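Only one chain is shown below, in structure tokens, and it's the form predicted on its own.
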Amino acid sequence: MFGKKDHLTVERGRLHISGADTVALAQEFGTPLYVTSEERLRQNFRAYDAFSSADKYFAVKANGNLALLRILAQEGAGADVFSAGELYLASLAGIPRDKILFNGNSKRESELVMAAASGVRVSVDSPEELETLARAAQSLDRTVEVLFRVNPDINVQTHPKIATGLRTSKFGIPHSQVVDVYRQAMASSHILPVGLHCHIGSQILDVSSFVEAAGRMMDLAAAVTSADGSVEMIDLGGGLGIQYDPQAQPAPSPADLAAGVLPVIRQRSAQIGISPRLVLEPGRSIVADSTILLTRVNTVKDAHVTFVGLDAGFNVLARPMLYDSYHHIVACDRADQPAAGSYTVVGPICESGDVLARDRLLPPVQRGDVLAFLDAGAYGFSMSSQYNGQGRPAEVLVAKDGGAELIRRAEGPSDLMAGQMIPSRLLY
């Protein structure tokens, strides 16, 4: 029923996650509710041991919960961060600063100053950004190690909105310009260029795309080396997809990715005469299937289709509306029952696009039931909002023994006013 998700089981008809009864969790903590299996999160990170000598930098944008980042820090993860806020979270979680890469295509000057002051490595996205970072480093009398984000011009089979290595993408320096920008950095007294970085997209299920990217990056490494540059690191980004639909073809594993990519890196490195450290930035493949979203049924309405209205919409799980993404749904207290009807599952938000699933075959659904959306750990809470005055949901961590701990409280009405101020002239 769940593919290879052995942390999900059915006991006496109810869905359990790492031994915890999901119906009981919904009753105790309320809904909507994100629930993460700690053991599954650790297992997923350890699967990247297939890249034994590589550094694994977790993509914090996928899930920035501090407790989960702390677990990954314990496992030895670094961090790929996209903002000052994510840098702050990674540092609080105990991730060493020499294992943090500050990424992004449009960094604020204040963020570049913060990166330089913090001593983290920066992925430079443009010549102009390089100049701004150099000024920041000089003002602080710091030397900043940099990688260069490359636009490799590679087409991948994924949703267009999450393909980041296309020639038309906003990310990275065109690969034809990289050597010149590398030379520019080599001439700077406060910049130390140490390598190359790319990221070709997300939810990629074809390993050959990563192999192509590795080859393109090694071509650039050869060109930089010929220009007397030092290539100490090659960062291939993340993007390995997962199997969202249990009926679909299984996704490649980190071991499959390693089998495709490592021979290219090793062979070309030997030819060029370099020994770069490999860096990966997995996010989705580590955290997605560790987490489920529990949501309660508010209403069942027969119209041109049968609508199931939930207490969670795209304010809680945005991916279905943004990308037409599939998340498998399980009726938590009828998890072993056969389908009895077709339902269109919607949220409470005042938008026609607030549809989480169409024409899903489910057991009989009624008001008060708890439904679980699987594989919700990546780009779930991290993309949630307070739209329509809806507070963001709580998060719970389930330990190996099935015990549940609150790791983020649910927001209430007062949280909607955080940071707001009424000018005194409007008070009278």
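All residue numbers are counted from 1 along the displayed sequence. Keep in mind that this is a model prediction, so the values were computed, not measured.
Beyond what is shown, the protein has a form predicted in complex with a small molecule; the following relates to that form.
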Open item on the list: Within 4.5 angstroms, counting heavy atoms, which one of the listed stretches 223-231, 319-327, 303-311, 188-196 is next to the small molecule in the predicted complex?
Closed with: 319-327
Task: Candidate from Asn151, Asn315, Ser209, Gln203 lying within 4.5 Å of the small molecule in the predicted complex - any heavy atom - done: Gln203
Open item on the list: Can you pick out, from Arg121, Arg284, Lys107, His175, the residue that has a heavy atom within 4.5 Å of the small molecule in the predicted complex?
Closed with: Arg284
- [ ] Using the partner position in the predicted complex, report whether Asp289 sits within 4.5 Å of the small molecule, counting heavy atoms only.
- [x] no
Open item on the list: Check Phe51 for me: does it contact the small molecule in the predicted complex (non-hydrogen atoms, 4.5 angstroms)?
Closed with: no
Open item on the list: Taking any heavy atom pair closer than or equal to 4.5 Å as contact, tell me whether Tyr379 reaches the small molecule in the predicted complex.
Closed with: yes
Open item on the list: Taking the small molecule as it sits in the predicted complex, is Ala47 near enough to touch it, meaning that at least one heavy atom pair lies within 4.5 angstroms?
Closed with: no
Open item on the list: Counting only non-hydrogen atoms and a 4.5 Å threshold, tell me whether Phe82, Leu240 and Met383 all contact the small molecule in the predicted complex.
Closed with: yes
